[in-house]
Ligand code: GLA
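Let's start with one chain on its own, the form predicted on its own, as structure tokens.
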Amino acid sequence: MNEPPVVTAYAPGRVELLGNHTDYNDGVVLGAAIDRGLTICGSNRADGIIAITSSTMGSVRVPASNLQPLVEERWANYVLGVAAELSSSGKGFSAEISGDLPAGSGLSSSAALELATALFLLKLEQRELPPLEIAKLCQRAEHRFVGVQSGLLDQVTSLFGKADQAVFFDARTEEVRTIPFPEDLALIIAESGKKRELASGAYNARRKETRAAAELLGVAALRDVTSDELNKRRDLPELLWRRAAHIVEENERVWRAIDLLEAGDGAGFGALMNASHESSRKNFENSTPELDLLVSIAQQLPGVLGARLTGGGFGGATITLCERGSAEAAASKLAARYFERTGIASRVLISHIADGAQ
């Protein structure tokens, strides 16, 4: 009896360079795929069972028919949700998940797992879908099976990433393009040691607050407001005004950053990253003391041009823009000084911008 063929799919994590929480507000984002990711390897099963094994999370076995979100082993919902969206119900498969992308660190392990699953199942079924449709399918899985009303930034960046290129995504027009990243600049990722748990409600709360602000401003989305216009509307409730200010100014930072990247202006780009983090801290309140400390330490190091939280916030990681020649020393000092102040051994790494999912 022939064994079913084994197939493999891989998707990288991502860093958000600029464009914090703008994607679900019809805004614009700059991200980059990184050289860490997740691989799924497996094959079809004839017994109607989905068997998922993770080197870090454990194992799950469920019937493939009538898939429902799991309450206990919630990590598996990213895989099961994608299977449900692909209408793979009733078709069993075995899948082994491995990789070097840590969960809950703000590097979008969730989107990487969704995309690797989607590509894996499409390969098993010998089907093809347009890339943006795959990204949206994974987003729906996160909405329906995980309960996080995420935007499309993470999936798009992981899927469309190219080595040494930033990914620009316009959430309204769905334009995706890549922009060369200056060769003399490096990215340093530092984990805060505080895991994110977006489904706990803070992310969804920000989504409701920005939606409420747009409605009070009489626009379809905060994408349609300029900072000058917003400054004339101090009649908004103070909390909603601050939430709107973050999104409106963040969109403007992304548009400015494209010009700076194309001109090779690392110092200007870094200044925008610093401003973005300050807005996250004050206006959007999605930073944490640990993230603030990492950013503050990084900003004082030789060769560093800018630093900010990356991703949804509420824990996770920071991204630091640094002159390439200073990156090794900066990464080492950042880890040491953070440990001195907190006792947390932060994983700090110089990340290379990598190709997307395959």
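Nothing here was measured: the structure is a model prediction, and the numbers come from that model. Don't overthink the numbering: it's just position in the shown sequence, from 1.
What follows is about the form predicted together with the ligand, which we do not show.
Proximity of Gly99 to the ligand in the predicted complex falls outside the 4.5 Å heavy atom cutoff. Looking at Ser150, you'd find a heavy atom of it within 4.5 angstroms of the ligand in the predicted complex. Among residues of the shown chain, Gly312 is one whose heavy atoms approach the ligand to within 4.5 Å in the predicted complex. When contacts are judged by a 4.5 Å heavy atom cut-off, Phe181 does not count as touching the ligand in the predicted complex.
Comparing 288 to 296, 62 to 70, 23 to 31, 47 to 55 against the ligand in the predicted complex, the single stretch with non-hydrogen atoms within 4.5 angstroms of it is 23 to 31. Only one of the listed residues (Phe120, Phe168, Tyr203, Phe160) places a non-hydrogen atom within 4.5 angstroms of the ligand in the predicted complex, and that residue is Tyr203.
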